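Next up: just one chain, as structure tokens, the form predicted on its own.
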């Protein structure tokens, strides 16, 4: 009996056909139904393979317009949400953190807009300083939706909110932005640098099944470098 074809095998074959120009850039490829019949598998298996290639920028998928080979394939970097403790320890340094603020407050309008919530909805506002070998590593300013927390909620004194969320609240979508900015007064004081010093900033927002989880701003000490994979 022939083993069922997995989505990884279909992905590899679709990619091979694109690379040898069986399916040229801009060409519409066969439908999921036709591919499922060709490969002898469920349509859902084909859908999984094509979705993966679309997320990688190799295919373009549009409702009612079919799936076509991208004219200009996009190379996408792989970005994971890191556990800051693990990041520090991977550098051979000891990690520690201090919770500088943990209150319930109304978010600023820009934060509420990023999360897609009403400005009158209170959130947890948590400011954490992460240390590497006792020296400031980054400031984590987070607005957290209390609906994602259990009852009773953790106080984040033993485990940082970053690590707790990575371990306990899976996300289904999000956005991320990187920028070089001048350190504000609060950030500079926490990091032990001059106000206005150039710092690397990460702004990230995550959701789970349409419900906002958190908006976080990470401000790194000068000299920080981001590493990722392609």
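What you see is a predicted model, and the numbers here were worked out from it, not measured in a lab. Residue numbers count along the first chain shown, from 1. C-alpha atoms forming the largest set that superposes within 1.5 Å between two forms make up the rigid core.
The protein also exists as the form predicted together with the DNA; that form is not presented, and the subsequent description refers to it.
Using a 4.5 angstroms heavy atom cutoff to the DNA in the predicted bound form, none of 206, 212 and 217 count as contacting.
Stretch 56-64 is the contacting one of 56-64, 157-165, 195-203, 180-188, since its residues have non-hydrogen atoms within 4.5 Å of the DNA in the predicted bound form.
When contacts are judged by a 4.5 Å heavy atom cut-off, residue 42 counts as touching the DNA in the predicted bound form. For residue 37, no non-hydrogen atom is located within 4.5 Å of the DNA in the predicted bound form, even though that partner is not displayed. Contact annotation: residue 31 falls within 4.5 Å of the DNA in the predicted bound form, judged by heavy atom distances.
After superposing the rigid core, the Cα of residue 65 is displaced by 2 Å or more between the shown form and the other one. Relative to the superposed rigid core, the position of the CA of residue 27 differs between the shown form and the other one by 2 Å or more. After superposition on the rigid core, displacement of the C-alpha of residue 10 between the shown form and the other one amounts to 2 Å or more.
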